[in-house]
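Single chain ahead, written as structure tokens, the form predicted on its own.
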């Protein structure tokens, strides 16, 4: 057993029982608007986009139109056929060769235009959400929640996932002179495809 495995095994063996340490109650605060328009506005403010449906559009045609130079399209959902399945990526490093990752988010936060992903959506390849060039998120408007308070209280994913990330638009960084660079340290674009 490696040192790493020994340390992780000890941590697992000595993990306190979470039921013995309940979390304090969280109040629902803030604006309770969980509408699609609010989410889209917030998403666009932070640099994300909604893939607009054209007549007879499918997710595949929208991706081909939006990312015409993409060669490696990785699907993390059963109902979309990419050029590779996320299960076929053997290591986190292989995620860096993916042009477009298609994943379904269990919920979005309208106030921030954020989407939630966990190991359940990423097939335990958590780096895929950060190393791919572009991420396309399938999201149902029915799964929008108003803000962080409602997400924490109402969404079970916060309490069941071992890993979870709220993504708010593409990666961005800015220097002191106000020069904004998107995709410098993560995905270059985050796009949402509304699921009916």
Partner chain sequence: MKVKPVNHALAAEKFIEDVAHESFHDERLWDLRQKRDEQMHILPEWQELRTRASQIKEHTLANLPEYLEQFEANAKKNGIHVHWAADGAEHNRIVGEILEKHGAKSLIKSKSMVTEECQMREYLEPRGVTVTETDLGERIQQLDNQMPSHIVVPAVHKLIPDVAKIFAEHYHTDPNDNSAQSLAWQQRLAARPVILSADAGMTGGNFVVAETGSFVVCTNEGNADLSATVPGLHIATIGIERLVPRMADMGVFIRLLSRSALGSPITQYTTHFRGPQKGSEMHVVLVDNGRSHRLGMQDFWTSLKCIRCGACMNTCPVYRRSGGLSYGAVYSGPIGAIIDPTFNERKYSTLPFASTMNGSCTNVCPVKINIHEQLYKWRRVLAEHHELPFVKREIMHMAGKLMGQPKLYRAAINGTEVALSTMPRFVLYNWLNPWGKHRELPHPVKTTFNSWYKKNRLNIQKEREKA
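Just so it is clear, the model here is predicted, and its values are computed rather than measured. What we label the rigid core is the largest C-alpha set whose atoms superpose within 1.5 Å from one form to the other. Positions refer to the first chain, counted from 1.
There is another form of the same protein, the form predicted in complex with the partner chain; it is not shown, and what comes next is about it.
Residues 37, 64 and 88 are none of them found to lie within 4.5 Å of the partner chain in the predicted bound form, as judged by heavy atom distances. Screening 143, 70, 49, 127 for any heavy atom within 4.5 Å of the partner chain in the predicted bound form leaves a single hit, 127. Proximity of residue 53 to the partner chain in the predicted bound form falls outside the 4.5 Å heavy atom cutoff.
The closest heavy atom approach of residue 138 to the partner chain in the predicted bound form falls outside 4.5 Å.
The partner chain in the predicted bound form is approached by residue 162, whose closest heavy atom lies within 4.5 angstroms of it.
Not displayed here, the partner chain is approached by residue 166 to within 4.5 Å at the level of heavy atoms in the predicted bound form.
Contacts to the partner chain in the predicted bound form (heavy atom within 4.5 Å) from stretch 65-97: 92, 93, 96. Relative to the superposed core, residue 26 undergoes a Cα shift of 2 Å or more between this form and the one not shown.
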